[in-house]
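Next comes just one chain, in structure tokens: the form predicted on its own.
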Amino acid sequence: MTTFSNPRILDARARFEEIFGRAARHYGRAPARVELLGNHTDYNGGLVMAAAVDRETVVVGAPSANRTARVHAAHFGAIDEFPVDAIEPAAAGSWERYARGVVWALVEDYGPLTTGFDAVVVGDVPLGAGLSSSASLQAALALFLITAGAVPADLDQDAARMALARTLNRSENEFVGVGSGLLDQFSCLFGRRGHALYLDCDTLAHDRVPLGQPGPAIVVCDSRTSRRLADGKYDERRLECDRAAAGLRQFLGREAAALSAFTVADLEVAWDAIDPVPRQRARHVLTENERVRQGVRALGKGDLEEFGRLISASHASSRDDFENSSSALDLLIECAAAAPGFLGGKLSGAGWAGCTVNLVKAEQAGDFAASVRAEYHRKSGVEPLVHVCQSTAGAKGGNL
């Protein structure tokens, strides 16, 4: 038996034995992720930079003697039980729907599971805060099932990891019913300590880009606001981007599958022919793709100041053109910009609520966190949750 010091694995093992009356044999663990550049570009076939960060979901468990899955989520104190050969969706938006969706997609793409299983899920990824707790859960559960031998996959090569990322994204799109792009699953699976991640969501070309030695802290500030107030906005933005792409295709007479196949120059030529709201959304997406290109070059030169400036420019574009920020997120960025060690900051994830992600000089991360916490509380009356993170490795599985 391998000895583990990871507190979440130890917690999950103890819970598993208490709930299921036997020892857990395998684990999967997957990090959270932050988007550094490339907001809402992924489903537009564009460019993204992200990083896996050191908050994680852990799944431990063991194969069972029947064709049933039993999954206990510690955060919710509940067990979901379902047959692995006839999977029906659970309630929309529930953790059970995500867990079932992973199994459904793995069966669709890799064939029937070789066994049923019991599992326990624990983690410290903030929920609903733009750190992709859902993709972290997906990747951890998938790595557990692969390690347990229930799914015939070998993730030693990047191509196999990319195939799994696409399977998990299919789970979210087709089973859960969320029209997300590939960024979240890719980031959780491909993370590397001390590196940012680059992904072309059209060609799937990707790279790991060093953040420097020593690298910056990645500080996530949670406004403690709920995205429920913005229900439907994500799908609305997708439709607006599709309308912009259709307008560009028609005006330029060019076949293109996605908005990101066009350039900022194309948009300028067609500007008056496209409806005002879609063209604003397009300007954000197309300038954001260019910021990603510039960001890769900046990190290649070790220029964190320039990289941080691009991150802040991304937030301004999200706020003004894509309109997926909020007064709370803007206030967090305002407080961050005045704090020690600030290099750049932007909203994280879908937007409208939740978190900002900030690049901060590592030696000043503690002072930065204290300053943002105090100033945001003074101006809003709410004390934000501040998580000082580091880039980390991607998902992995193993035996206990």
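Don't overthink the numbering: it's just position in the shown sequence, from 1. These numbers come from a predicted model, not from an experiment.
One more form of this protein should be noted, the form predicted together with ligand GLA, which is absent from this view; the next part is about it.
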Given 370-378, 330-338, 349-357, 60-68, the stretch touching ligand GLA in the predicted complex at heavy atoms within 4.5 Å is 349-357
Discussion item. Taking any heavy atom pair closer than or equal to 4.5 Å as contact, tell me whether Gly116 reaches ligand GLA in the predicted complex.
Written reply: no
**Asked** Does any heavy atom of Asn289 come within 4.5 Å of a heavy atom of ligand GLA in the predicted complex?
**Response** no
Interface membership of Glu56, ligand GLA in the predicted complex, 4.5 Å heavy atom rule: no
Any of the heavy atoms of Tyr234 lying within 4.5 Å of ligand GLA in the predicted complex?
yes
Assert contact residue (ligand GLA, in the predicted complex, non-hydrogen atom within 4.5 Å, options Ser312, Ser133, Ser326, Ser180) equals Ser180
Within 7-38, the residues having any heavy atom within 4.5 Å of ligand GLA in the predicted complex are Arg33, Glu35, Gly38
